[in-house]
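Here's a solo chain for you in structure tokens, the form predicted on its own.
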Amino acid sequence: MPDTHTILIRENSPLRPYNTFGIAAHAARFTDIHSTDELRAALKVQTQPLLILGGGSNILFTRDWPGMVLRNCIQGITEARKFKNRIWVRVGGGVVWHNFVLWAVGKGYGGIENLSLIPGSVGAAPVQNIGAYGVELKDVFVELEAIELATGKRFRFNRPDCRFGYRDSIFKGPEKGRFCITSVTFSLTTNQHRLNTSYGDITKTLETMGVHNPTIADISTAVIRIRSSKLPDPAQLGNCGSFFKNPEVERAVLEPIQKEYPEVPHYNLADGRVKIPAGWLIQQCGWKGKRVGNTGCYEKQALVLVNYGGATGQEVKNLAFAIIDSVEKKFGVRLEPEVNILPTEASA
């Protein structure tokens, strides 16, 4: 094992380059991790509270981080096992998610094309159980490896171990903050792909592309076009994509909303509840396109909060909770942030 001199620890390090909201916060200590050996070395000298950072696309810093930040930069894509119609691919936790999708599509491997252009890293993807256009990470997940931060021990988690839910996993609940995910293994199809074109605007976009018998590459291209048209580029306008989860509610909650708004979009869930798009609820409350100081609600998609330049994390948080309160007052539905707001009370 290398000694601690192989890792470079920076003091009072700026975090603005490492969060897509572009918030100007600092970490008391910061280091990049390129291997499990480097991770274990850093854990020997880490300062509490400890934060594992991936692509920074799901984090809102409301002030400086008082402890140590470890940025997961572990790379590598390995074809681990081949079967008749599918392949297992093991991917380093620090690999950019969209780069992995493009690699898979380029190889002709199917299953994640609907998840194109989702920001963030592979290691963060299982934490959130990322999903889009009818596909979730759990649909292609095999296992992951993680290092326990307290001990440096390696653990392996299969799909049941992760307890995946809607934008949820064990790593957001009981095991939050306990592990650093170093690799994830996916099961992708090599032929006989099951294409999912039924969700959102994919079918319409394929038609405008003149595609009638789509390939996985066509679906990836369509998803990229849709996302690019609805979501701002973080390099141009700081954001974390969808700030809120789409609420899943009992049908009794939907019924009074339907009486006043018969056109309310909703999706039936297997457990008898319904999912209502948070963006629709926010838009009905008049927030879409509204600017408050240096932050605001994106003009093309009400789910997205943006940093127009110079916004503080506290400004964005205040806007988010003003939106939450107004939606609850109007519809009786309380939205939940999808973004992790840091520091939490426990880590402050």
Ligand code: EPU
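Note that this is a predicted model, so its numbers are computed, not measured. For every residue, the number given is its place in the sequence shown, counted from 1.
FYI, the form predicted together with this ligand isn't displayed, but the following is about it.
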Subject >> Contact residue in the model of the complex, chosen from 265, 160, 106, 256 - any heavy atom within 4.5 Å of this ligand >> reply: 265
Original post:
Here the chain is shown alone; which of 132, 170, 101, 89 has a heavy atom within 4.5 Å of this ligand in the model of the complex?
Top reply: 132
Subject >> Heavy atom contact within 4.5 Å of this ligand in the model of the complex, the stretch among 184-192, 243-251, 79-87, 208-216 >> reply: 243-251
**OP:** Tell me, yes or no, whether residue 323 is in contact with this ligand in the model of the complex, where a contact means a heavy atom of each within 4.5 Å.
**Re:** no
**OP:** Check whether residue 311 has any heavy atom within 4.5 Å of a heavy atom of this ligand in the model of the complex, and answer yes or no.
**Re:** no
Original post:
Is residue 152 close to this ligand in the model of the complex, meaning a heavy atom pair under 4.5 Å apart or at it?
Top reply: no
**OP:** Using the partner position in the model of the complex, report whether residue 301 sits within 4.5 Å of this ligand, counting heavy atoms only.
**Re:** yes
Subject >> Non-hydrogen atom within 4.5 angstroms of this ligand in the model of the complex for each of 227, 231 and 288 >> reply: yes
Subject >> Residues within 4.5 Å of this ligand in the model of the complex, restricted to 262-291 and counted by heavy atom >> reply: 265, 267, 277, 279, 280, 283, 288
